[in-house]
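The chain below stands alone, shown as structure tokens; this is the form predicted on its own.
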């Protein structure tokens, strides 16, 4: 197995750093999947067991100037590895004004992702900062555990309001309750609600718009339903806030899909990044 890549464009480097920072805010450890044309950051805590899951996909050609990969075999030209996202994020913090960034798979007592950052220098001698990040290479027999999650057969799909606005609302609600009910309908309306023995608070959003999923979308079952009917899911407010507070990607759109009483599925869309995040309903 071999992997090496190089990034020179400072805009791409900063964007890649923002993506990794976002991942590190969502999870301490994740799986990095490398293919010849894409990178994936995957968290597959079993939703059935109450854990969140995440799937982030990047096209390498939009970030890297050079990208060479030799996977486990010619037939399976991919590499999967476990990685502490926080360590990668910390390494990239030193790349703020870098001239270039090199990433490669190395073996230094254990498998590592080695990040080499060339910094500007006043002399002719280049300054290079190197970080060795231990990884655990995942054998091919376990790859099936990291398949892309299917879009759930949702009851409502709606665009979210600006994430900063929503984050500010949820942060205030966190002081009053550990759980939040997120509800939405097919009329572009969404409510965030908390209810305790002492207080009941609801924040209303309207005119958000509902995405069209085309002929084979998951909303076939909603055709005959009253568009005013609310579908809801009760979630751990900390998990929702972790998602909202971690965003540094500046997505052009964020879609929220609700499977009534079961799960909420967020999709962040950016021109060269897509990130999916699943939060199961609290029982």
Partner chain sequence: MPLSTQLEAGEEQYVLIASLDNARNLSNILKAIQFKDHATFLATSNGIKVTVEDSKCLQANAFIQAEIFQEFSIQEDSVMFRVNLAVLLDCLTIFGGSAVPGVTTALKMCYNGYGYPLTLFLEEGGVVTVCKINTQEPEETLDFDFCSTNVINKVILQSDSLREAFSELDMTSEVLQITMSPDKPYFRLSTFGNSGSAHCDYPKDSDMMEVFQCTQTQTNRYKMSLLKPSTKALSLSCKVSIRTDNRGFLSLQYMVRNDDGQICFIEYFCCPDEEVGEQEQ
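Note that the structure is predicted; figures quoted are calculated from it, not measured. Residue numbers count along the first chain shown, from 1.
In what follows, reference is made to the form predicted in complex with its partner chain, a form of this protein that is not presented.
- You can rule out all but one of 104-112, 146-154, 194-202, 89-97: in the predicted bound form, only 194-202 has residues with a heavy atom within 4.5 Å of its partner chain.
- Here is the short version: of 84, 72, 176, 128, the single residue with a heavy atom within 4.5 Å of its partner chain in the predicted bound form is 176.
- Its partner chain is not drawn, but in the predicted bound form it has no heavy atom within 4.5 Å of residue 119.
- Interface membership of residue 140, defined by any non-hydrogen atom within 4.5 Å of its partner chain in the predicted bound form, is ruled out.
- For the chain shown alone, residue 77 is not a contact residue for its partner chain in the predicted bound form, no non-hydrogen atom being within 4.5 angstroms.
- Annotation for 6-32: no interface residues with its partner chain in the predicted bound form [heavy atom within 4.5 Å].
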